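Shown below, as structure tokens, is a lone chain in the form predicted on its own; questions about how it binds or moves come after it.
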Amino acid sequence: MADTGWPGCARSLKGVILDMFGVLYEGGEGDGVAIPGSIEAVKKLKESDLQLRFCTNETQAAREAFVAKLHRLGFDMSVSEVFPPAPAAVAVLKERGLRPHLLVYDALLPEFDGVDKNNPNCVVIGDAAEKFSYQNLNEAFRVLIDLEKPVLFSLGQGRYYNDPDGLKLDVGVYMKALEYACDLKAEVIGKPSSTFFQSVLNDMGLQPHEVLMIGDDLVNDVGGAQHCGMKGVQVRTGKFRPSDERHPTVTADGYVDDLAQAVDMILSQRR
């Protein structure tokens, strides 16, 4: 009988999905700082028989620029292996013929160059950082409230993230404000959306039970992956808090100190 617990489940894995910020690297001057052991851990996974993808809710840079930053930090990855929410949002907008009002970080705007933004009939918000001013939020509110059928897309629903100068509010907080003001429910594109995770699985050509997600966010990384049928392991880096291990509704399949420990445990089960 197959071992479904952690780390025994690693014997039957065919793929691994990694979160990025808080798992591979953390904030700092310039491009940030690689978390100790994470560069080598990614290298070990790439040298194994496991497929590897990177799944992030990063919305402060276009995908090519984001991957270039990770290259400068020393990580080996290609643009095609990285799945952020903005390209997925563009695909949805084009498929549904929607014209967005964008409340996103300036560096993310090039991702939407091919989308008609005249006379908006929906709103897209991402982690806009300092652009989350009253004026900009109110402008997004006015677009939505004037629509007969308002549509709000949120590039993730994180509550907060960790930066060198402390915790910072994430996009989910502002998403909830617009939901409340406009009496609507946002469509989340990004983690923890099952549709978003499934797009990564489809690219890998694997079934959920064949893949493990490793992240620092218990609800969006681990819980989202579990809801999709994957196993989820939480690292004690990034936004991890000790209270996560006593969360009332989400329990990780395993907890590890960092990515390096997780990868060593995975590969030791496969020898």
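Residue indices: 1-based, along the sequence shown. Note that this is a predicted model, so its numbers are computed, not measured. Heads up, when I say rigid core I mean the largest set of C-alphas that superpose within 1.5 Å between the two forms.
Missing here is the form predicted in complex with a further copy of the same chain; even so, the following discussion is about that form.
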Legend entry - Interface residue in the model of the complex among Val90, Ile145, Met77, Ala107, criterion: non-hydrogen atom within 4.5 angstroms of a further copy of the same chain: Ile145
Legend entry - Listed range touching a further copy of the same chain, judged in the model of the complex by heavy atoms within 4.5 Å, from 77-85, 95-103, 172-180, 108-116: 172-180
Legend entry - Proximity of His71 to a further copy of the same chain in the model of the complex, heavy atoms at 4.5 Å: no
Inset, instruction - Consider Phe196 of the chain shown here, and say whether it contacts a further copy of the same chain in the model of the complex, taking contact as heavy atoms within 4.5 Å. - result: no
Inset, instruction - Please run the contact check for Phe153 against a further copy of the same chain in the model of the complex: heavy atoms, 4.5 angstroms, yes or no? - result: no
Legend entry - 4.5 angstroms heavy atom contact with a further copy of the same chain in the model of the complex for Gln157: yes
Inset, instruction - Please state whether all three residues Phe132, Phe141 and Leu167 have a non-hydrogen atom within 4.5 angstroms of a further copy of the same chain in the model of the complex. - result: yes
Legend entry - Is_shifted Gly114 between this form and the one not shown (CA, 2 Å cut-off, rigid core): no
Inset, instruction - Once the core is aligned, please say if the CA of Val79 is shifted by at least 2 angstroms between this form and the one not shown. - result: no
